[in-house]
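A single chain comes next, written as structure tokens; it is the form predicted on its own.
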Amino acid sequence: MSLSYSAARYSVRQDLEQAHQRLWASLSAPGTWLTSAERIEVASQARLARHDGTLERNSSILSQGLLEVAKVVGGNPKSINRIWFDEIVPKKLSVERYVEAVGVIARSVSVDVFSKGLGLSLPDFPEWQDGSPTMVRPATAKVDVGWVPMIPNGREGGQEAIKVFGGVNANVIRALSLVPDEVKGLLDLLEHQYIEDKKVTDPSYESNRGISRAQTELLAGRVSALNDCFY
């Protein structure tokens, strides 16, 4: 059964529900560096960690490195720092697999939180699919800011930058660009949960949804503050 909000007490825009359905379906497909089973299990373990940060559950599917990323990024992201990162990457996990896991967690939590806000049970994860990761790494990716390699902005990123995130974009978007499919999935989600990526820097742009742009930004800022978002 595909993800559905038909049982919700409140009306959900069709485009938003469809975006969440695409997100959920993407979890079950083999990724760039993670198998389908690993992607689903990372999201599942992150969900468990959010509900009980002290929960211990062994996973025969995930390596110790992926399990630690799921528990910390999913359950206690404000504790993430460079010391923790350096203990994980590359000692326990390649940087490519780390970035994909972060992307999977960041996107899947949106569906969980949205479902909870609607008063619905958290949706079951999809069944995993056969197939192998593509293991294709962007040729231009390098560490220019932050901790992980990213496709550079502008001319240095070239066609890869244009294809993945429109040529120039914020670091918070580029942070997943070592795994381009995670950027594309994130931008698809943001377009329907927030606003189209090209309009983000235009403060006068109104999406003509239930609340104004100013109200949207106020809520976003408040949520970031409550979550101790260091970015």
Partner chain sequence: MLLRGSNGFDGPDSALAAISGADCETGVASGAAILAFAEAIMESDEKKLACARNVILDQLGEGGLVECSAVAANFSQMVRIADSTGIPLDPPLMSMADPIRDVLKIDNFESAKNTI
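Numbering follows the first chain given and starts at 1. Remember, it's a predicted structure, so these values are computed and weren't measured experimentally.
Only in words, not in the display: the form predicted in complex with its partner chain, which the text now covers.
None of Val164, Leu67, Ala175, Ala43 but one reaches within 4.5 angstroms of its partner chain in the model of the complex through a heavy atom, and that residue is Ala175. Taken together, Ala25, Thr134 and Gln159 are entirely out of contact with its partner chain in the model of the complex: none brings a heavy atom within 4.5 Å. In the model of the complex, Asn81 approaches its partner chain with a heavy atom inside 4.5 Å. Although the partner is absent here, Leu186 is a contact residue: one of its heavy atoms lies within 4.5 angstroms of its partner chain in the model of the complex. Remark: Ala139 does not count among the residues lining its partner chain in the model of the complex, judged by a heavy atom distance of 4.5 Å or less. In the model of the complex, its partner chain lies within 4.5 Å of some heavy atom of Ala225. Taking its partner chain as positioned in the model of the complex, the residues of 204-228 that bring a heavy atom within 4.5 Å of it are, in sequence order, Ser204, Glu206, Arg209, Gly210, Ile211, Arg213, Ala214, Gln215, Thr216, Glu217, Leu218, Leu219, Ala220, Gly221, Arg222, Val223, Ser224, Ala225, Leu226, Asn227, Asp228.
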